[in-house]
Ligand SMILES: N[C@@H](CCC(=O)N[C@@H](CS)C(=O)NCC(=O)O)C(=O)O
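One chain follows as structure tokens, the form predicted alone.
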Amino acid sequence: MTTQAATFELEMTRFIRAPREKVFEALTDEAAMAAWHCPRGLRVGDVSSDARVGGRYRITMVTRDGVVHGSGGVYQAVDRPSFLAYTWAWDGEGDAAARTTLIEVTLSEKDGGTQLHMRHTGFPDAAVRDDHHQGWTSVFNRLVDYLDPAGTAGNVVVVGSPISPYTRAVRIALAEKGVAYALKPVAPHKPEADAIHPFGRIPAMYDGPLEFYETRAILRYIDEAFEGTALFPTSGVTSRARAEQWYSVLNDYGYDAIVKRCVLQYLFPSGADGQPNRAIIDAALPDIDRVLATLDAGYGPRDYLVGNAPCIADYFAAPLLHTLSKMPEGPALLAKYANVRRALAVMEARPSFISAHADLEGKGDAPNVTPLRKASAA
């Protein structure tokens, strides 16, 4: 390594709820490394590991498009279960000596688990170092998934009100992917929401130390970061555009008419004597009807808005329409639109929808339920 390369370094610390011995094994055992040693959205291809001083290791990481990124190096120190040092070099990046960096991992016992501290040195510039910081953060998220008793729920935390259609859309998407997560019930503009979203909105989501806000961005991350059911259509550019179109319709027109101008009047009445403001609700009804008519035509004979499988638009439509069905005006509005009712019933029967609404069972979505008056549907 050159003197210039050694100028730039990266240090990261992660707490892992597992004994040091298990963490050390995960860092060096071939079968374990095959389960976690790549960023989210990729998969591990080949792994070899000869975890002794002078021994070599190699890892390949494969994108969903089949592009292979390989790296490898030589173990410099192996002090089980507390310390590990090894060189790191990506395939095909010029002179081997110039592109070789050094990784040092220290494992310490802490709070019944393990504190992992990594020092990665020898980067040629700050940009390369920062790229590795992003990559290692995602890789260590997968290490936590692998070792934490809660699995992915040790990393993935949804921050938002259980009754928010946006929060429920994210929860449905995670369930469709089979991703375990923790829910942190938070209303908009509370300190926990302000800490992650600059405008205090919900939902937000943590994946380990990574923070995401805005539902559309969260759904995109979930789809690309985790294996399993695709959240966006895979049948072509037209279908993907349609999914975006319907999501925008629901976000820009459906939520405004159904939630902002109808549901919230029942949850937070602004009329005289603490009653819902009928003028606001009545003005919203034609717009709700227009949204329903548009959706009804969009569904046609299908159960989903795009093709024969649900996508992000359906995950958002279902909570909105379900909530509308619980409003006093909802049944009459929906009665006119058989396609909407059929599509809603199909989504309501999906395990992902049921799991996202489990904490509302017995409380319902009805506006006269006291617990809902204490939360926000924003």
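Numbers follow the displayed sequence, beginning with 1. The model shown is predicted, which means the values in this text are computed figures rather than measured ones.
One more form of this protein should be noted, the form predicted together with the named molecule, which is absent from this view; the next part is about it.
Colleague: Given the stretches 105-113, 300-308, 228-236, 182-190, which is the single one in contact with the named molecule in the predicted bound form, using a heavy atom cutoff of 4.5 Å?
Modeller: Of the stretches listed, the one contacting the partner is 182-190.
Colleague: Which pick from Q265, T152, T215, T101 sits with a heavy atom within 4.5 Å of the named molecule in the predicted bound form?
Modeller: None of the other options qualify; the answer is T215.
Colleague: Check each of Y255, F140, W246, Y86 and return the one that places a heavy atom within 4.5 angstroms of the named molecule in the predicted bound form.
Modeller: By the 4.5 Å heavy-atom cutoff, the listed residue in contact is Y255.
Colleague: If we define contact as a non-hydrogen atom of the residue within 4.5 angstroms of the partner, is I202 a contact of the named molecule in the predicted bound form?
Modeller: Yes.
Colleague: Is F123 a contact residue for the named molecule in the predicted bound form, using a 4.5 Å heavy atom cut-off?
Modeller: Taking the distances in the predicted bound form, the answer for F123 is no, it never comes within 4.5 Å of the named molecule.
Colleague: Using a 4.5 Å cut-off on heavy atoms, which residues of 135-169 contact the named molecule in the predicted bound form?
Modeller: In sequence order, S164, P165, Y166 come within 4.5 Å of the partner.
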